[in-house]
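Given next, in C-alpha cells, is a single chain: the form predicted on its own.
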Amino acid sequence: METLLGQGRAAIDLIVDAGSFTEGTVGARTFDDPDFGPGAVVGTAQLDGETVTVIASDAEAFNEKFPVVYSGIIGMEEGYKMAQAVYATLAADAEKEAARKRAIVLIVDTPGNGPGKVEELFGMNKATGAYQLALAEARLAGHPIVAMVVGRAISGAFLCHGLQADRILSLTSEFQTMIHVMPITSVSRIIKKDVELLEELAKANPVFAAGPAFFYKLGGVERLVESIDGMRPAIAAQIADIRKAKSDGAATALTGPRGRGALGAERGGRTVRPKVQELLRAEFAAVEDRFRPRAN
C-alpha cells in the first residue's frame, strides 16, 4: 500500500486545491530566508475554495547549522518559524469575525524534536513552547485547526505540531503511520520494566501502546482516514464542524485537548480520567472558601 511516510511536503498538494499552495507567504508575512528553519514548510493555500494556512515538516530538508535536524525533525529554528506562521495568520484575520477566520492545517510527519546540545543551550524548549502557545492562541481566537497525521507523530514534536489542534485526523496504520510518545523499548529502559510485560499491558491499555488505532481509543484521533484521497474531504468536514462548534459556544467541550479527553472516556480509553477529575473538584470544593477574596 502507498505510504506518505517521510513525505510531509508532498502531502500538501494531495490535500489542498490543485496548484493553490504558495510557500513562504502567510498574510502580510514572507519567509524568504531559505536557511532559516529549512525543515519547516509554511504557506497559504485554498481548501474547497477557502483560504487556509498550511504548516508541515520536510523530511528531505537538512539544517546545516543544527546537524540533528533531519528526516522531519522539528528543530529550534523550525519551531520558531512555525510559530511565526501562526502569528502571521492571527494578524491577517485579526479584524475578521470568528466565522471568517482562516483555518490552519497541520500536516504531521515528524520523528521528534532536535535535542542537540546547542539547541538545548540556546532554548529548544522555548521554540517548541512558542509554537504551542501560538497554536493555542489561534484556537482560542476562533481559527479552526486540524492536524492530519500522514506519517510519524512522535514525542515532543507532536506535542507542539499537532496536540494543540482542535481536531486530529490520521491515516490508518496500513499507511505506516505511528503515534506515540516513545517506543516500548525506551519506556522499558526508563521505568525498568521488561518489554514483554509492557507489550502485554499494551493489549489492554492504549496508554502503553503505539499507533493511530490506540490513540483513537484514547480520544486523541477524532477520525481514522482509510485512504489518501479521503484526507482532503475529511479535513474540510472537520473544519466545518469546528466552525459550528465554535459558533454554538461548544468549542471547549467538543474540540481541543478537553474535547479529546471527553471523547476518550466515551470510547473506553480513558476510564480513570473522569474519576480523577471528580476527586479534584470535590477536594477543591471542600477548601475553596479559603481562597475567596474577603469583603472589606
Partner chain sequence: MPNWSRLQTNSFLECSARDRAVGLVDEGSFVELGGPFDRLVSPHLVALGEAVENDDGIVTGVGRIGTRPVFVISQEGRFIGGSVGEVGGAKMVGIIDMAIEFNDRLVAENPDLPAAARPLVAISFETGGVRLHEANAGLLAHAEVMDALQRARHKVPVVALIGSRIGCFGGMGFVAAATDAIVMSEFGRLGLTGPEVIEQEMGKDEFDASNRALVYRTTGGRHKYVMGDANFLVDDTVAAFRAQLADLCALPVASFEAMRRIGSPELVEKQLRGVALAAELKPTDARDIWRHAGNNDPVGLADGPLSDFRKSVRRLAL
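Please read these numbers as outputs of a predicted model, since none were measured by experiment. Positions refer to the first chain, counted from 1. Rigid core: the largest C-alpha set superposing within 1.5 Å between the two forms.
There is another form of the same protein, the form predicted together with the partner chain; it is not shown, and what comes next is about it.
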Next on the checklist: Counting any heavy atom within 4.5 Å as contact, can you tell me which stretch out of 169 to 177, 222 to 230, 81 to 89, 98 to 106 lines the partner chain in the predicted bound form?
Outcome noted: 81 to 89
Item to check | 4.5 angstroms heavy atom contact with the partner chain in the predicted bound form for I191 | outcome: yes
Checklist entry - Within a 4.5 Å heavy atom cut-off, is G142 in contact with the partner chain in the predicted bound form? => result no
Checklist entry - With a 4.5 Å heavy atom cut-off, would you call R243 a contact of the partner chain in the predicted bound form? => result no
Next on the checklist: in the predicted bound form, is there a heavy atom of the partner chain that lies within 4.5 Å of any heavy atom of A18, even though the partner is absent here?
Outcome noted: no
Item to check | Site check K117, A130 and P293: each within 4.5 Å of the partner chain in the predicted bound form by heavy atom | outcome: yes
Checklist entry - Mind listing which residues of 215 to 235 have a heavy atom within 4.5 Å of the partner chain in the predicted bound form? => result F215, L218, G220
Item to check | E174 C-alpha relocation of at least 2 Å between this form and the one not shown, rigid core basis | outcome: no
Checklist entry - Does L198 show a Cα shift reaching 2 Å between this form and the one not shown after rigid-core superposition? => result yes
